[in-house]
Ligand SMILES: N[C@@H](CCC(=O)N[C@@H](CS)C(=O)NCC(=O)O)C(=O)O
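One chain follows as structure tokens, the form predicted alone.
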């Protein structure tokens, strides 16, 4: 009796109708929503006021510090220190730089001096142009010190002689020329094995060395005789933010 009732119930249930076939149509591609242009954020007032560079327009070390700030794309004010009139020896400036030299860099309430130290400070606080691994950091520091110990002294002495700001005879000139070429040969060997100095990417070692070799021609040294150095110099000049001394260092103060 129960089985008969169950069969009757099943028979009385309506059968589901098959879904009608829908003819396939090509899906109309949706147009991508227009992307709203986002205006690039300009420097804030605090960023503009943070750095002030004190220097002299034809100073290689001053250019090195200015170049680092430019490569980091950080704004800075520039205060012209007239070396020809002895402004670097006045009490007002000696408070900033006890060595009576340029450059000096004010960062907020502190002042950093010596080009290599300024590069290290900027690399640390801005977290740019530094080595990524402990080994790279060590190598970058070594090359940074080498640049001012072995490369800068002879190159800048030769340049100063050609500009008439230093006077010495041919014997001393030959000594500096020999030292400069020996240092550049060391660099040539290094750049035959790597694109950048001390690290896989540009670092403050590259900034320091470029800040010296920019003036090698004025000292009578043709870098075309060093193909790997010349290729590196070209790569460096293609970095975003690169600028020449003439673009960065005017002969008067510039506030922002």
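Worth saying up front: this structure is predicted, and the values here are computed from it rather than measured. Positions refer to the first chain, counted from 1.
This protein has a second form, the form predicted together with this ligand, left out of what is shown; the following refers to that one.
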Mind telling me which stretch in 218-226, 55-63, 198-206, 184-192 gets its heavy atoms within 4.5 Å of this ligand in the predicted bound form?
55-63
Is residue 100 close to this ligand in the predicted bound form, meaning a heavy atom pair under 4.5 Å apart or at it?
yes
Even though this ligand is not shown here, does residue 72 get within 4.5 Å of it in the predicted bound form, heavy atoms only?
no
Can you check whether residue 141 is within 4.5 Å of this ligand in the predicted bound form, heavy atom basis?
no
Evaluate residue 83 for contact with this ligand in the predicted bound form, applying a 4.5 angstroms cut-off between non-hydrogen atoms, and reply yes or no.
yes
Which of 88, 137, 128, 121 has a heavy atom within 4.5 Å of this ligand in the predicted bound form?
88
Determine the residues of 144-167 with a heavy atom within 4.5 Å of this ligand in the predicted bound form and present them in sequence order; the list may be empty.
148
